[in-house]
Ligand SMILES: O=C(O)CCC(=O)C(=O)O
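Next up: just one chain, as structure tokens, the form predicted alone.
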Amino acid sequence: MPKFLTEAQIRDYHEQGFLSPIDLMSESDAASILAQLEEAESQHPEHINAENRNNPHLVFKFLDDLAFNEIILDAVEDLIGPDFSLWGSVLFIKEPASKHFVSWHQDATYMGMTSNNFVTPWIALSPSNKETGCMSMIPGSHLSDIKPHDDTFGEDNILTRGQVVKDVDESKAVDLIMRPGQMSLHHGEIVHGSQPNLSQQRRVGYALQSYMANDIDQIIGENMWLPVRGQMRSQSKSTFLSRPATNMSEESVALRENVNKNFGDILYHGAEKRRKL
């Protein structure tokens, strides 16, 4: 018996590779989280900025709380089972009238896991639509494994390596239009991307990338996991991360820096050059 999703939604996810939109919270609750995020950006610009948006849940309590939201966890459990951990999180922010975009790609390409059957909730904290540069998905593209990617390191490409899948049939793309407080769920191998923000407001999304069943291991870099639900992973192969008790404690800042260094080693493995993470 599913905990949150319907049987039809579960079937659609496995067939299409994504679900959207899903009501997670009210617009006012999303606005409150966005206000806390913008306050954090103002107070700690050296720790949360355009070049440092990975794993903010490790240092900001309100983002950690969101990562443990029961609706999110119940939906994830319906898709991958009761025992899972969180690998990381990323803020995807496009400033007003910016040229930044996300090329067609598959998340799992450079993550170095033993399996790519994992799920990423993407939470809209501001309107996400065609004008603001919402995500678009290619339905069913997760069923044919990882496709070749070219690293472009494009200046306006938000992705780490500016990686791009060639020959995508964009006529099949589905735009994920969400109001603040809604979320989408997508598979680690779904081909997706997004266009620039043409509006006069920020487009702010928070990706919990990704929740993974505890039988998935990291094979590039160190195994660093935040335990979330169910039975624990094997301690012999994993480093377990801790949740922040307060915002920006000395211990949590040091932990995030270490995790982000490991992220860099993983995501840039085999790359010709690096950009700042």
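Note that the coordinates shown come from a computational prediction; the quantities given were computed from them, not determined experimentally. Sequential numbering from 1, following the sequence displayed.
Heads up, the form predicted together with the named molecule isn't pictured, but that's what we're talking about next.
The named molecule in the model of the complex comes within 4.5 Å of no heavy atom belonging to residue 110.
Using a 4.5 Å cutoff between non-hydrogen atoms, residue 105 counts as a contact of the named molecule in the model of the complex. With a 4.5 Å cutoff on heavy atoms, residue 135 counts as touching the named molecule in the model of the complex. Residue contact with the named molecule in the model of the complex: residue 209 places a heavy atom within 4.5 Å of it. 122 is the sole member of 118, 122, 84, 87 with a non-hydrogen atom within 4.5 Å of the named molecule in the model of the complex. Partner contact region in the model of the complex: 192-200, out of 73-81, 164-172, 149-157, 192-200, criterion any non-hydrogen atom within 4.5 Å of the named molecule. Along 87-102, residues 92, 94, 102 each place a heavy atom within 4.5 Å of the named molecule in the model of the complex.
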